[in-house]
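Given next, in structure tokens, is a single chain: the form predicted on its own.
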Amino acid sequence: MNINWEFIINNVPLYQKAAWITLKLAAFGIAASLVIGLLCSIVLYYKAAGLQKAVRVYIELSRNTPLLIQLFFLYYGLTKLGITLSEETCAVLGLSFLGGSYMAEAFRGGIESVSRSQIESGLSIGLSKVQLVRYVILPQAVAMTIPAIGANCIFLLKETSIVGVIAIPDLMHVTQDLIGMYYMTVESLAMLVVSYLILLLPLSVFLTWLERKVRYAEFGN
């Protein structure tokens, strides 16, 4: 098989630009997902009246609809309702909407793993609910949920491959364009794979290191 290296070298800048867009969208989406997930998990834990059902509806709606459909609704559906959002805003909202529900489930699992005796001890020394969450529940819950949160971060980064459907020049969109224009399928797909590996491998290595550090701090081995 002959590889057209000149084609690959000439299009590296195009992939660099697309990789930056992909990374930026993923970073905003993951950050927003963490905030949404944490808030939702706290609402579920305290069974906040009126909000608990709304959070459950959001989680079920988010997890049981494809990101593709969510993006179409944000980009095309809202326009019909008189709300026009940019492509990047729709992508970040879509990733946040999807990721928030997965993060909520991850945080909820961590919060529920905190032993009842520690919570009762916190209450017995006069901690308020906010202080209990801040000083007792969250530090342990976050440590326990690092693996799940890491898996969700990687999942969301990979899900950015769909945002090209709303005309964002991400890695997948650029690859499809190059294949359509030059029929350089092997070269284009090879650059796509390498680009995602460059983005995902450092994140995966960092999360593995973080998980080991947390485990060492918790169990001492």
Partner chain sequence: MLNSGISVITEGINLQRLMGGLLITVRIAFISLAVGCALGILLGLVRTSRWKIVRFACRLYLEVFRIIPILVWLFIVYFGATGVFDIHLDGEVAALIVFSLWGAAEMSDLVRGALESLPKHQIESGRALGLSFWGLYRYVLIPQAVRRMLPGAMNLATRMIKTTSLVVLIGVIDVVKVGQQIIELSLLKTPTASFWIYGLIFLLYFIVCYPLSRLSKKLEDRWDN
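Positions refer to the first chain, counted from 1. C-alpha atoms forming the largest set that superposes within 1.5 Å between two forms make up the rigid core. On a predicted model such as this, the values are computed, not experimentally measured, just so you know.
Absent from the display: the form predicted in complex with its partner chain. The rest refers to it.
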G150: touches its partner chain in the predicted bound form, heavy atom cutoff 4.5 angstroms: no
Its partner chain contact in the predicted bound form: G77, any heavy atom under 4.5 Å: yes
L201: touches its partner chain in the predicted bound form, heavy atom cutoff 4.5 angstroms: yes
Contact test in the predicted bound form: K53 vs its partner chain, heavy atoms, 4.5 Å: no
Non-hydrogen atom within 4.5 Å of its partner chain in the predicted bound form for each of Y46, L95 and L132: no
Answer option from I42, I168, L192, L34, heavy atom within 4.5 Å of its partner chain in the predicted bound form: L192
Listed residue that, although its partner chain is not shown, lies within 4.5 Å of it in the predicted bound form (heavy atoms), from M172, L38, I30, L178: M172
Its partner chain in the predicted bound form - contacting residues of 64 to 90, heavy atom within 4.5 Å: N64, T65, P66, L68, I69, Q70, F72, F73, Y76, G77, L78, K80, L81
Flag for L207, CA shift 2 Å or larger between the shown form and the other one after aligning core: yes
